[in-house]
Each structure stands twice: as C-alpha cells, then as structure tokens.
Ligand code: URA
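First comes one chain, alone, set out as structure tokens in the form predicted alone.
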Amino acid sequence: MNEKERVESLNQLQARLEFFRDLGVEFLVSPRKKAEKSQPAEAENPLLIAGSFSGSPASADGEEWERLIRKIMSCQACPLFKGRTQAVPGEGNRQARLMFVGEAPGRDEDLQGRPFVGRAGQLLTKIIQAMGFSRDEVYIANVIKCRPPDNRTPRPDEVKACSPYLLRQIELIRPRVIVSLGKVATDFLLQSPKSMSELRGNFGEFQGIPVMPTFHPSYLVRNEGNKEIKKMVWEDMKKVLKLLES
C-alpha cells in the first residue's frame, strides 16, 4: 500500500468513526459475543435458526425460495413491471433473525437488482455495521419489488399486488425482529392510523413478530446535518439489539 492509499484508508476510517459518533454510538460490539456465552456451542451464530417457519428441510426451503425469486423476477401483476430494468427481490441471510423492510427500489437498485445500494443503502449498511452485523447476516427487502416512476411513493394498488411476495419472504424467514424503514413499510406491517412520528421507536407487531418502526435512511440523507435524527434512529436500533439479546 502506497502513501496515497494509506491516506485514503485513514480518511475513510475517520469518516466512518464520525458517522458512528453522530449516531451516538458509544461502542461497537456484536450481540453475538454475549450470545456465545449463554447459548449451546452448536448455536454459534444467533442470526441463524434451525429449520424454517414450516419445519421443512433446508433443501425444501431452498426450492421454495428459488420459485419465489423466479416469480418476482417475471412478475407482471401491476404496471410497474413495464418500467423496470429488473425486479429487486431482496438479499441476505434467508434464516436471519433480523430483517429490514423498506419501501421500494430506487434508480441504483433497479439497475443492480439489489436492495439499498444507493446513498440511502450505504447509510443503512453503516447502521447495520454499527449494530455489529454485516449485510449478509440480516435480510433486506422492500414492500414493492419494482421501481416506481421517478421514485414516487407506491400506490395502494401496487402495494396490494406486490405484497404477497414480501409476506411469503417473512413466512419463510420468520425473523425474530423486523425493522420497518419509513412510512410505507410501517403502514403495511402495522396497519396503524398513527403518524410515523408517533409510531417510531415503539415496538408494534406483525403476525406475532415484533416490528420496530424507524425513519427511512433516505430521510436521514435528506437531513444529513441533523444529528438528532441520527441519534433517534440509533436509539431505535439499541432497542432492537436488546430484544435480540434477550
């Protein structure tokens, strides 16, 4: 590594530490460390659970996932398919205890076929890392699998047409906790008349699964200079960690 590369690496590290500081992170620790002390040796990764929601063998789950992904990629259930580059099913650990659900793909996601890869996605990745996890240890998906024109808010008919895919993903994963990112995901999962500001930071429930509503990362990007919003999101994530550790 030459001098220029070392300087760039140090600058990147400094930027990441400053981001964690703005969140209000006092220390970084994976909840896995605590879990290893109290769980049996065979349960080394607390994000993995044995079997599936239905109790089917892993191979059967794999076949079900492949069928589901094929359906999503070829879906024409609503007009959004006409404008997509490709659908964005979701990605991550299909046996994750922690699941993040957002609204819909944006331009970058539509091009790459992966959820949360733009600026908001980079921010979400940092939050996940601050929690002590990597992206491939959690599962990340959206309510809508195709990009709405100009990144507009999905319409109710689009949500209705696309939601069976997310419902099946949740059923297959059966996460311990779901984090709903923004109003669209929160409204879909909690079906509450309350505003996002009223719901944020308080656990709700979806089919017996705790749901933590928090601000969408894009909202943090639009309010980049507001450290209080970042701290609010981090307080929400600390509650999620506490529940995962229990």
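As the structure is a prediction and not an experimental result, all values here were calculated from the model. Just count from 1 along the sequence shown to find any residue number.
The form predicted in complex with uracil (URA) is left out here; the points below concern that form.
> Quick one: is Ala104 in contact with uracil (URA) in the predicted bound form, heavy atoms, 4.5 Å cut-off?
Contact with uracil (URA), yes.
> Whether Phe116 contacts uracil (URA) in the predicted bound form should be assessed with a 4.5 Å heavy atom distance threshold; does it?
The answer is yes: Phe116 has a heavy atom within 4.5 Å of uracil (URA).
> Taking a heavy atom within 4.5 Å as contact, would all three of Glu109, Asn142 and His216 count as contacting uracil (URA) in the predicted bound form?
Every listed residue reaches uracil (URA) in the predicted bound form, so yes.
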